[in-house]
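Taking the form predicted alone, here's one chain by itself in structure tokens.
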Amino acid sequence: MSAEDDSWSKVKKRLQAEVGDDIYSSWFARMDLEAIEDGTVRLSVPTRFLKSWIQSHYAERVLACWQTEVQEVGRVELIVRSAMRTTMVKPKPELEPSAGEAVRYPNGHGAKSRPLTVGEPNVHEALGGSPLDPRLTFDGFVVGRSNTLAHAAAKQVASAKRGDAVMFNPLYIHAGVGLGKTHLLQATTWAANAMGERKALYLTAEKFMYGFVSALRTQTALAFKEALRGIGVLVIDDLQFLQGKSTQAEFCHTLNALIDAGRQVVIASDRPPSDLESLDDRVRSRLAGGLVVEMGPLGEELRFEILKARVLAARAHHPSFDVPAPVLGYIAKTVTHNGRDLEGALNRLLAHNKLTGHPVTLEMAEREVRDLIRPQEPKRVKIEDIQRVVARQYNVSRSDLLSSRRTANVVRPRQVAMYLAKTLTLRSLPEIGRRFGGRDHTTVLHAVRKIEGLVGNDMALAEEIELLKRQLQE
């Protein structure tokens, strides 16, 4: 590793520690070091939107991280990678990449692409929607116990006609990575547009931000807002990436306008509305007022059915591709993390079969997918579960824990519940305080430190807390 690469590695670690894993993976994970020349660091990102966002919100922080590692650095220059490559062929720095060039988005869903045009981008490009994958339809969606309700609600939304009463508004679907949120949202968009009754528009949160920022820059924000509010079915994916107070405020206004006008809104995120700490309280409240549906982990039976469906789809292009049932059963049993890992496992078997001519066997599968077999993740504990279990253990009500009562029989259980919320969840102190009756984060910190101090000296309390932890994690 060169000295420059070593410095860049240290800068990335420092930046990640300062902004946190979520923000780092969203905005900085695809930033690369191009060169360090005469005290100037040249960094590249894959899209113009990323460049604009980082320059507006994190330029000083990135420079400070560099200056901590390399004192000679006085300036950080940010460029768009694809634009840089274009200028190598045609030395016109104002040009954007050619139409159709793929761009990776920071949305947790891997590579997606959109056409880029020469010169200034169309301000209302966002109104064309984010790209739709023709494979992601209801016909290709495998239904199981963990996604039945979300699938039924999405189909009902897609099949509604103009003038029908809107049943679920907004429809809010949340799930972990790779469990089918994007598939369901794109299927809803395809089906709604195929009906011809209403115009459905699918946008990632990043595309929504891009369109709004572009409209502000070119002073056409009013037209942008009006056009958005004329959509019959607005579908927003990856809401957790919606950043910026003005963008969130506009999203809230658009959401209210559409719902009040009887238009349908469908939203997906990786967490429930109450856990979207970066969003305004008004937005969270409006989202929670609709139908909130969680898509749970894929069970073994559903994973097996997904694999069967993917093998049938692969045979449309590779008729001789065959995966014996025992191999499908092995993958369904051992590759448990998400649907993308299942597709990755099948792609490896297909590649091995086509490139070597060897039939797919159980031995081959064990060898090819071993790195996809991940240790079982611990159960995700929710603050509501903690409050319920603690209230039952100490014979108080959940409303007592959230109340302002200061009697001893309520204070200790409340402190224990706050301590467990801090140690068993990823929620911040302010968020925990909000979920315990709107308390200040200093109250939560006091409770955590109080219980930490008592546990070391009170064996009975230590055993009670261990018992509560086991109950919550079973």
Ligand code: ADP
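Computed from a predicted structure; not experimentally measured. Residues carry their position along the shown sequence, with the first being 1.
Beyond the structure shown, there is the form predicted in complex with adenosine-5'-diphosphate, which is absent from this document and is the topic of what follows.
At the 4.5 Å threshold, heavy atoms of D400 stay clear of adenosine-5'-diphosphate in the model of the complex, well away from it. When contacts are judged by a 4.5 Å heavy atom cut-off, G339 counts as touching adenosine-5'-diphosphate in the model of the complex. Heavy atoms of V389 never reach within 4.5 Å of adenosine-5'-diphosphate in the model of the complex, leaving it off the interface.
Using a 4.5 Å cutoff between non-hydrogen atoms, A154 does not count as a contact of adenosine-5'-diphosphate in the model of the complex. With adenosine-5'-diphosphate left out of view, the stretch that reaches within 4.5 Å of it through heavy atoms in the model of the complex is, among 325-333, 177-185, 361-369, 192-200, 177-185. Proximity to adenosine-5'-diphosphate in the model of the complex, defined as a heavy atom within 4.5 Å, holds among I383, L279, V142, A314 only for V142. The partner is absent here, but in the model of the complex a heavy atom of R310, alone among R263, R348, R310, R81, sits within 4.5 Å of adenosine-5'-diphosphate. Contacts with adenosine-5'-diphosphate in the model of the complex, taken as any heavy atom within 4.5 Å, map to no residue of 317-331.
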